[in-house]
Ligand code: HEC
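Just one chain is shown here, as structure tokens, and it is the form predicted on its own.
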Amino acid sequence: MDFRKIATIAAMLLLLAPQVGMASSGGAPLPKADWTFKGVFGRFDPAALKRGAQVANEVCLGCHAIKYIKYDHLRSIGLTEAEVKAFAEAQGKNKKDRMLSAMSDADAKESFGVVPPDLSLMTKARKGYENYTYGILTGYLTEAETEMIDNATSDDALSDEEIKQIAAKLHLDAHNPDYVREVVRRIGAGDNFNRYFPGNFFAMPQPLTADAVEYADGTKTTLEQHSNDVVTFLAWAAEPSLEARKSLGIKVILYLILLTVMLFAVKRRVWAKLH
């Protein structure tokens, strides 16, 4: 086999590699949210951080922990002393305690079969980062999708057209009807479907719904808003020093630029005398 044939085969394999990886990982492409804290000049939205802390405290801590954050740390995102105290007392703790799960590991294991992971670094620990966490929170079946599946299975059979409709709605492969039927069967059996999770099923039931938490600032309490806020908070929990790091980085870059200009000017002056 000559070099050109080898090169052609190698190029084809490189083109196919991302597609194979995507097919094997499963799950629909993650949604891409517009995060204010991304980019060199990105900053956390203070209002979203406060709302996200509320969602985390009232919902997430029911099963998960955010063990690297103490309640007292929440003052750095703008919560008052009274608000911090109220957050802690709602979980039977004081402000010096860490944000630990209200559920013991033994109870979690009995309820879900696994111990829910700590969320402190969740936005850093999964491919897709914040978009992954946001996708998981918003990727469960909607009421309309549940009703569609109930109607499709009312006669205990799925037609080819119904399979196509379900596959399109749930981001499944319509060319694999056996898998679509298996998904529908597991949904009917009460398993937790999520369109963005690789494999589509996992232990966690839907944690958030619209109106799950009432916001004091009047922000609409949609599922998407709850998810956006709590992911923003979890991104802060994973890196509380993010804004300080970016600020320092910008100062260092400006300093280096100024230093470079000064050194260039000195170099010109030195060599001008030599010539």
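What you see is a predicted model; the values in this text were computed from it and never measured. Counting begins at 1, following the sequence as shown.
One more form of this protein exists, namely the form predicted in complex with this ligand; it is left out here, but the text below deals with it.
In summary, among the residues 88, 137, 77, 149, the only one with a non-hydrogen atom within 4.5 Å of this ligand in the predicted complex is 137. Here is the short version: of 121, 174, 204, 100, the single residue with a heavy atom within 4.5 Å of this ligand in the predicted complex is 204.
Taking the partner from the other structure, this ligand in the predicted complex has a heavy atom within 4.5 Å of a heavy atom of residue 234.
Though the partner is left out of this view, residue 179 does not reach within 4.5 Å of this ligand in the predicted complex, counting heavy atoms only.
A residue is said to contact a partner when one of its heavy atoms sits within 4.5 Å of a partner heavy atom; residue 48 fails this definition for this ligand in the predicted complex, lying far away.
Although the partner is absent here, residue 238 is not a contact residue: none of its heavy atoms lies within 4.5 angstroms of this ligand in the predicted complex.
Partner contact region in the predicted complex: 129-137, out of 129-137, 153-161, 68-76, 89-97, criterion any non-hydrogen atom within 4.5 Å of this ligand.
Of the residues in 63-83, those that come within 4.5 Å of this ligand in the predicted complex through at least one heavy atom are, in sequence order, 63, 64.
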